[in-house]
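Presented below, as structure tokens, is a lone chain in the form predicted alone.
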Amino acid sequence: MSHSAKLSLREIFGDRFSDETGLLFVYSYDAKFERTPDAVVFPVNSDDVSRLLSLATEEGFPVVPRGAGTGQTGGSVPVEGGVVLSLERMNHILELDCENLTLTVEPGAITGDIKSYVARFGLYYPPDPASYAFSTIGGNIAENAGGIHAVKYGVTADYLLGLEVVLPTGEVISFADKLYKNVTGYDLRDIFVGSEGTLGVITRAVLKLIPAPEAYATALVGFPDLSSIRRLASTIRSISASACELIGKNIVPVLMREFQLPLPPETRYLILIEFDGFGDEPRRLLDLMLSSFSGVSFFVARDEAERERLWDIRRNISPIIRANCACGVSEDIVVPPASVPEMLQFLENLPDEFPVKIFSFGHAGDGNLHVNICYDELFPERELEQLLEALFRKTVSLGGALSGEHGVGIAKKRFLNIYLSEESIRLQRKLKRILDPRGILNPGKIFDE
């Protein structure tokens, strides 16, 4: 970017502008990718964001919005340089409206802090991506984050009532606010949900809240094979489990050993099931679900300590995979829930064609699987591309999509045409050009140039 553009940014942001090398490195990466920006700015209100984007459109330099940088697909990485727009200082909870059950927040508010704050009032914000303890609500909206409880409660979009967005040309626009229903004109708000920071910068959000559940019933269920898992997923959805987490067979032996699980040694798959609600209904639903299955083993948590122990098993999956995977990639495909067993069988057969090991886990109740493909450093890039293409084509053949919650970013854009038609991609590109005529906002993401 030009020297004059940097001078203009210093005038707008003062000491909230930096091009110091050490700080640039801090804002150069997410969980998987890295690229150094030319500068970082820290807005404190929507006017700051508007002035930045107006300048960027005029000067033609890239701007990349960033929350906490916890993404998995490079969505917040400045692949073409330019300015990283860090929203971390716009982190305030602005209003709790207990009459309308809404919470108004700035985009840099940490999702975990939001959940903790509303819990003090007996309320619940359900979306809970794995990174909720440090990811931001703006980033969650930009990726339409899901999480463990999406099977019952849905994803971020289901709890978003209103948005304030700054367009790439600098205009500030607001949508809906606290309305639960609104069919007045096009629903433009939703084009920004899951848009990965390519269409506008979120500067305020109004979230929907619900009463917090008071009781839980949790069980770890072991399966010797895949035959019962399809029926389980259907049963889980029909009786509204709040979580249905699958653990694939390559991870199970390690968990059985490290956690001394009280399940038979022939257990090959685990599903962690939880019901929540009020009174004795969660336990009644769990008993109903368990009674409908034969040939499976299970352990039911008797108190909160045992419930936490079961969830600790789920939380340790990623560290276990990292410890057993020198090189690898992680994908977050999604298929219809009834197709999960067929997808698992396909994944288990992949090592017959490629010298890899597959560690799979994820959200069986909504069909979102995290597929970790591990290989040694000599594994050819060409073969990895062939494997990923085969994975995505199988996913789409089952009625699935390339990503359930991580997004496309730079990681999957070369495979986008496996899922989207040429007409759909052309229409999305046209929308991008209308809102961002100079292509300054988060360029190089979602679409191959």
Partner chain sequence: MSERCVRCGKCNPVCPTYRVCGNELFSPRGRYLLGEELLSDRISATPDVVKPFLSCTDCYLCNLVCPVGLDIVEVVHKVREKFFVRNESRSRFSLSDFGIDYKGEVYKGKMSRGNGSVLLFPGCLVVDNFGDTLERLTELLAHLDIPFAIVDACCNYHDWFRGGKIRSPVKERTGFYVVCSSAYISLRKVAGIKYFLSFFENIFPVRLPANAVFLQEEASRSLGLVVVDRQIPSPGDLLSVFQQDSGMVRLIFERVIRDAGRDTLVFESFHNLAVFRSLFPDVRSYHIIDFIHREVMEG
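None of the values given here were measured: they were computed from a predicted structure. Numbering follows the first chain given and starts at 1.
Omitted from view is the form predicted together with the partner chain, to which the following refers.
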query: Among the candidates Arg120, Arg231, Arg302, Arg257, the residue which, in the predicted complex, approaches the partner chain to within 4.5 Å (heavy atoms); finding: Arg120
query: Single option in Lys208, Arg283, Lys249, Arg89 placed near the partner chain in the predicted complex, where near means a heavy atom within 4.5 Å; finding: Arg89
query: All of His370, Gly399 and Glu405 with a heavy atom within 4.5 Å of the partner chain in the predicted complex; finding: no
query: Residue stretch of 408 to 416, 33 to 41, 391 to 399, 51 to 59 approaching the partner chain in the predicted complex, non-hydrogen atom distance within 4.5 Å; finding: 33 to 41
query: Contact of Asp158 with the partner chain in the predicted complex (heavy atom, 4.5 Å); finding: no
query: Val63, heavy atom within 4.5 angstroms of the partner chain in the predicted complex; finding: no
query: Distance check, Asp113 to the partner chain in the predicted complex, heavy atom within 4.5 Å; finding: yes
query: Any non-hydrogen atom of Leu188 within 4.5 angstroms of the partner chain in the predicted complex; finding: no
query: Contact set, 1 to 40 vs the partner chain in the predicted complex - heavy atom within 4.5 angstroms; finding: Glu20, Thr21, Gly22, Leu23, Phe25, Val26, Tyr27, Ser28, Tyr29, Asp30, Ala31, Lys32, Phe33, Glu34
